[in-house]
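Just the one chain here, the form predicted on its own, laid out as structure tokens.
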Amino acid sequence: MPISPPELLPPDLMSQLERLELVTRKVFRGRMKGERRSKRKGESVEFADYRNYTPGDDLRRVDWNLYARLDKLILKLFLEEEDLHFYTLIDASPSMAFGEPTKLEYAKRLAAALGFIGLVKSDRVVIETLGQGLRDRSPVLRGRKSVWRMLEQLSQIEPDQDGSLSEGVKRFCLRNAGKGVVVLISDLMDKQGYEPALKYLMAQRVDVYLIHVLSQEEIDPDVTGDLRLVDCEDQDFAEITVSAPLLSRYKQTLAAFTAGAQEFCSKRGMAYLLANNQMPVNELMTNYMRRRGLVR
């Protein structure tokens, strides 16, 4: 049964998220005034720094008290407040429908929590499902009043047979040339490889965070005996006999896969976070996300 909007973001979780805000490691110029303090110097009421006057500067920003004392023209600078473009990309390929809760359901809960933080701080929030066509382009949400609309959008996301990771990210990049923060939530299970998708994002001037979601069943499979494994995306299959040595090799392969993804991201300035679908969302937000620098 699809998860309902209230289940995506319970009131107790919202109260914990109210105190957080999204953070970018880069400096972007927002289109509208927001509630965050930018690293750029602007015209808000919060003092930032002084600098010497240069011809062409606005004389209204000269500190005349300092001029009277030092006989020098010195500008008073203030932190500029601006909004942040925040995109969450949800991989809805069939493999994301695996696990209990499914990886897709967990991804929707994460997207709801991150989107809520952005909306409360008046950021521009966009949540896209990879594989969407142009007709299903996601709306730009802004302000607390958009929370319910965001939750309804998330609750309607279902696994998509056309949810190729690289094609979905490519379409997103073609539609969104702007700057901002992009969080990709995916299990990275694509026979074409995850690298092309991440390279598309790298080519954009965005701050990229990758949340690699795996289910507990994938991390520590509890299976024995003779099995016929069927790929849910292309129906390819393999018949295997599960034994202790085979499980050991599987775990080594999985560890190499996650380590490779982490290294790929680290070398390209992307933040990588491995998430187990059993990890409580509030713990992920207030602990792991904070340590990774996405929220504070």
Partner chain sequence: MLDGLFRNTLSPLQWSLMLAIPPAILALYFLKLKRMPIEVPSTYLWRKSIEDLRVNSFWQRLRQSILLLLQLLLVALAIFALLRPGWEGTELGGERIIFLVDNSASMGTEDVADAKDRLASAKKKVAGLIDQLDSSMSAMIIAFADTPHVVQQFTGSQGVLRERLESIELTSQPTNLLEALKLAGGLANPGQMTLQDSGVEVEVIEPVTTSLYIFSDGRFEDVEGFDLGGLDPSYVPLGSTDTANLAVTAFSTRRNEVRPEEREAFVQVTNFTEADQDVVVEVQLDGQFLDAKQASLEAGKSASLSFPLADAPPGRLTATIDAESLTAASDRLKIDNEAYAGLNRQEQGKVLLVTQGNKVLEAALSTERAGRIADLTVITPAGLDTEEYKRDAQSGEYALIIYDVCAPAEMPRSHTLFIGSRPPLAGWQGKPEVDAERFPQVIDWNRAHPLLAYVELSDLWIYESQLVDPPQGGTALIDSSNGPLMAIAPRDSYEDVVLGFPIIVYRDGSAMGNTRWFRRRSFPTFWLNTLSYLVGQLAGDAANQAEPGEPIEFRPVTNVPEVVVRSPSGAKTTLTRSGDTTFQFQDTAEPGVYEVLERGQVSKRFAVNLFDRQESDVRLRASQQEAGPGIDSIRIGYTDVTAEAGGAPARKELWQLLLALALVVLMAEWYVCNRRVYI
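Positions refer to the first chain, counted from 1. On a predicted model such as this, the values are computed, not experimentally measured, just so you know.
Not pictured, yet referred to below: the form predicted in complex with its partner chain.
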Note to self: Please tell me whether any heavy atom belonging to residue 151 falls inside 4.5 Å of a heavy atom of its partner chain, as the geometry stands in the predicted bound form.
What the structure shows: no
Checklist line | Close approach of residue 65 to its partner chain in the predicted bound form, 4.5 Å, heavy atom | finding: no
Notebook entry, point to check: Heavy atom to heavy atom, is residue 241 within 4.5 Å of its partner chain in the predicted bound form?
Noted result: yes
Check: Can you check whether residue 71 is within 4.5 Å of its partner chain in the predicted bound form, heavy atom basis?
Finding: no
Next item on the list: Can you check 221-229, 110-118, 196-204, 167-175 and let me know which stretch has heavy atoms within 4.5 Å of its partner chain in the predicted bound form?
Entry: 221-229
Check: Who in 89-103 is close to its partner chain in the predicted bound form, meaning a heavy atom within 4.5 Å?
Finding: 95, 98, 103
